[in-house]
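As structure tokens, one chain now follows by itself in the form predicted on its own.
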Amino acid sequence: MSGKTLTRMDLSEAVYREVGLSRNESAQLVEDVLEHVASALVSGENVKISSFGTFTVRSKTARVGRNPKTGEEVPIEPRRVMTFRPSHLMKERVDAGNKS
């Protein structure tokens, strides 16, 4: 694995090169898209990006967990978590990348 992380700057630079918007417009476009996705998730909506995957928010109930070091039981509060499920096309692309 290369260990490289794709950043907002990388995304805006790609938009700049591919679409031809100015760097500022490209950065604002990336920010607007990410803000729209985040807002939808916060409001409990699913976000499906065709050929990429689906982001969903799940509600987890309260439960009793265990500290693995001490074995002590610890209450875990109810919370909402985001999950991502890749599309079958994305899974195939990642798998193909692993073979090359």
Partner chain sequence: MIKSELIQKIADENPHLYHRDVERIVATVFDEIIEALADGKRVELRGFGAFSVKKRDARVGRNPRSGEQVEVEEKYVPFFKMGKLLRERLNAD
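Residue numbers count along the first chain shown, from 1. It should be emphasised that the depicted structure is a prediction, and the values quoted were computed from it without experimental measurement.
Omitted here: the form predicted in complex with the partner chain. The next part is about that form.
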>> Is it the case that Met82, even though its partner is missing from this view, gets within 4.5 Å of the partner chain in the predicted bound form, heavy atoms only?
In response: yes
> Asn67 near the partner chain in the predicted bound form, any heavy atom under 4.5 Å?
Replying inline: no
> With the cut-off set at 4.5 Å between non-hydrogen atoms, does Arg63 touch the partner chain in the predicted bound form?
Replying inline: no
> Any chance Val19 has a heavy atom within 4.5 Å of the partner chain in the predicted bound form?
Replying inline: yes
> Does any residue in 41-55 get within 4.5 Å of the partner chain in the predicted bound form, counting heavy atoms only, and if so which ones?
Replying inline: Leu41, Val42, Glu45, Asn46, Val47, Lys48, Ile49, Ser50, Ser51, Phe52, Phe55
